[in-house]
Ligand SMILES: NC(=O)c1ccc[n+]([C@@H]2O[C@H](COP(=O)([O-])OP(=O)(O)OC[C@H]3O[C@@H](n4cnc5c(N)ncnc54)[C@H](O)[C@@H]3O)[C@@H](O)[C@H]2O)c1
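Take a look at this one chain, the form predicted alone, written out in structure tokens.
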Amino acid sequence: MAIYPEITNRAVVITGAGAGIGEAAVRAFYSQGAHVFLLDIDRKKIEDIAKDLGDRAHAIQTDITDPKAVLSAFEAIDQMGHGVDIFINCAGGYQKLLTVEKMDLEEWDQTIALNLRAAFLCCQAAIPRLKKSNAGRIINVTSISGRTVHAASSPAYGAAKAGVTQLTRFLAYELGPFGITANSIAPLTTLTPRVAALRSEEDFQRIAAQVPLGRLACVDDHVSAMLYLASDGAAFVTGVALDTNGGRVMM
């Protein structure tokens, strides 16, 4: 993985930090010398990760679908004496693999809340802090499901992630005058515990066979893209949806 000395001592806030791509992002940015703030609803997971890493890692339990909880989380960061240089929205997912016809309203609403509402709330809270940074970055994790209908997926999840991509473009347009960039990455199906619980080995083989590079993604594929977008080398890159999908979708 590439080394970015400029990330040293920058303050990085990461949602969905307790597992999967979010946890991998926490560990990668910590290894680059950043101060990392782990936001997740699972207190024990993020406290264990922070303890494993060291004194530059800070666990903050929060429900990112709740406006008051989000505001409290960012106020807790303020109280630690750190600003926010980089905000990374990794939280997301869905519980059930259902068609539009069979999806109940509760599953729809919960999926939209976790993936789109939460991204809006957290970006909104991060903006005034990012405006005080000399290297403000927003990186939203979307999905290949928000770029195309590529395989069996949740319609609510795909719709929400497409919404996050467009939200990111609005952020790029609105925050450019403040020197803040906003970009998204759209991962292919990635071998994380959450995904493994939702899909079969046959699913993985079928998806991998459709990828020009011949494999599913691993978390480092996405984290490497995040590090680049957070670096000084990407200071003039904004409003981009970066497809980390091995060539499965080319847009």
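Predicted, not measured: the structure shown is a model, and the values here were computed from it. All residue numbers refer to positions in the sequence shown, first residue = 1.
Heads up, the form predicted in complex with this ligand isn't pictured, but that's what we're talking about next.
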| item | value |
| --- | --- |
| Exercise: Asp221 in contact with this ligand in the predicted complex, heavy atom 4.5 Å | no |
| Partner contact for Gly92 in the predicted complex: this ligand, 4.5 angstroms, heavy atom | yes |
| In the predicted complex, Ala19 touching this ligand (heavy atom, 4.5 Å) | yes |
| This ligand contact in the predicted complex: Arg56, any heavy atom under 4.5 Å | no |
| Among the candidates Leu130, Ala125, Leu114, Ala156, the residue which, in the predicted complex, approaches this ligand to within 4.5 Å (heavy atoms) | Leu114 |
| Candidate stretches 137 to 145, 99 to 107, 73 to 81, 168 to 176 - the one whose heavy atoms come within 4.5 Å of this ligand in the predicted complex | 137 to 145 |
| Residues of stretch 26 to 54 in contact with this ligand in the predicted complex (4.5 Å, non-hydrogen atom) | Asp40, Ile41, Asp42, Lys45 |
